[in-house]
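As structure tokens, one chain now follows by itself in the form predicted alone.
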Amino acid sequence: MYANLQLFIDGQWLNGDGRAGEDVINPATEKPLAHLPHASAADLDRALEAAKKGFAVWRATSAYDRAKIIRKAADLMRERYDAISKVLVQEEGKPYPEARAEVLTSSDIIEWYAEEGRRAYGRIVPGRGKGLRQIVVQEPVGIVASFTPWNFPVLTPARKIGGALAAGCALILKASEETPGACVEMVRCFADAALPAGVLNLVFGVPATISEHLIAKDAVRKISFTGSIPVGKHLAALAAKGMKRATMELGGHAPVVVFADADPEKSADTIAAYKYRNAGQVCISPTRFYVQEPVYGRFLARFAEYAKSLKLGDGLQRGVAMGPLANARRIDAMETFVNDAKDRGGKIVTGGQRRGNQGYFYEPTVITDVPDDCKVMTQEPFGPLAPVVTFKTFDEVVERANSLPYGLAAYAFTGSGHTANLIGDALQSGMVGINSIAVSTPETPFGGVKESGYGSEGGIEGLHAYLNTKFISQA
């Protein structure tokens, strides 16, 4: 049921063949699934040369013909969604329905980019002199190096592959070593769709070694990274040395503001399901809950009831609503957050401990009475922890919500159109959901502000990130 783990370079699948590597672990059982080969320095150089040749072919291919190949890959993903989803569950842990939704959404992303790539229009700007043509054209930026994390092994690479290929770029993708299989199967769909050799290359290895090797090469003209803020800053600095374009989608710590004029039970039902998606291991996961005092008790009761009702287990088992955390590091992090909250006067309403002694399971947790400066309120938990606190006034909650250096996603619930307008304007975030959690779709921009990064994926912004603008003045 698991994948055949290989590198993909210059249109060829490469096995271990003496290469260094590592085991991929099932987080539900803590048992190895397969051995993953690492790319050597020679492999990376080969990938670069392949990308140069692939880019020459791909940029000369019409947007119309590029779209046909990209759409074919999306169709193959839909045909193979069940197998890919099961691979994803085994390596990452999320329940099968979530994995299936990720794979199908990823195919939608790729298809959307295929279509939007045909509309990378330029324009004619009226000249000041007779006979003067002022032409603005869009050209692919070149070879792209992309780096993706373990929490969405298909969706995050799909955003980068779709945008780069639709723009006419070639791509070297370093996907996560902890969750490689589903990405391997997605890349296989592109290979089987007859994508020209070298246009898409997939490598694995020690992250720092690969990033420093690739970003230093003159041939690489853009990087795209999804991951932690410290690593993002490091890669951005490396890119700056060569004046390379960069898209940085980094960490978040999304505030949720529930006003007294909202329906507290409906708000709790909506946001609780989103909180525990992928066991909270989502960069746009709601993570700081501010509830106005008159409805605090009702919201908390409903939210905690939902958390208690979640069935934990292996994501391939029917009825499981939340799987394990992805690795042992996350268990250690949850214990650190919870212990700090307790030390600071926090109360555990439900959860707050590891479940069982096999697999990285941690209970859905609700915490109250924590101060704003405790760890769970100031550092991204990236797990199933929900601190819920009260607020009194609009200005107070805006100040508290905006007090951190993060600015990826934010959420608010209100029954007032006027309040909705005000809070939408006031929250310092790249994405804001008001009475809605739909902040991530193929056709809309996805990205943050402040230390949550810069640039966008998705939407026309995600396509333009891979395009250079050229102005031609022709007399």
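No experiment lies behind these values; they were computed from the predicted model shown. Throughout, we count residues from 1 along the sequence that is shown.
Quick note: we don't show the form predicted together with nicotinamide-adenine-dinucleotide, though the next part is all about it.
With the distance limit set at 4.5 angstroms and only heavy atoms considered, check whether 208, 283 and 329 all reach nicotinamide-adenine-dinucleotide in the predicted bound form. Per the other structure, all of 208, 283 and 329 touch nicotinamide-adenine-dinucleotide.
Is residue 249 near nicotinamide-adenine-dinucleotide? Define near as a heavy atom within 4.5 Å, in the predicted bound form. Contact check for residue 249: yes, within 4.5 Å of nicotinamide-adenine-dinucleotide in the predicted bound form.
Please tell me whether any heavy atom belonging to residue 235 falls inside 4.5 Å of a heavy atom of nicotinamide-adenine-dinucleotide, as the geometry stands in the predicted bound form. Close contact exists here: in the predicted bound form, residue 235 approaches nicotinamide-adenine-dinucleotide to within 4.5 Å, heavy atoms only.
In the predicted bound form, residue 149 touching nicotinamide-adenine-dinucleotide (heavy atom, 4.5 Å): The answer is yes: residue 149 has a heavy atom within 4.5 Å of nicotinamide-adenine-dinucleotide.
Just checking whether residue 227 would be counted as a contact of nicotinamide-adenine-dinucleotide in the predicted bound form - the rule being heavy atoms within 4.5 angstroms. Result yes; residue 227 sits at the interface with nicotinamide-adenine-dinucleotide in the predicted bound form.
Answer range among 150 to 158, 76 to 84, 105 to 113, 343 to 351 for contact with nicotinamide-adenine-dinucleotide, defined in the predicted bound form as heavy atoms within 4.5 Å: Stretch with heavy atoms near the partner: 150 to 158.
What is the one choice in 314, 185, 380, 363 with a heavy atom within 4.5 Å of nicotinamide-adenine-dinucleotide in the predicted bound form? Partner contact (heavy atom, 4.5 Å) among the options: 380.
Listed residue (94, 253, 275, 174) with a non-hydrogen atom within 4.5 angstroms of nicotinamide-adenine-dinucleotide in the predicted bound form: The option sitting close enough to the partner is 174.
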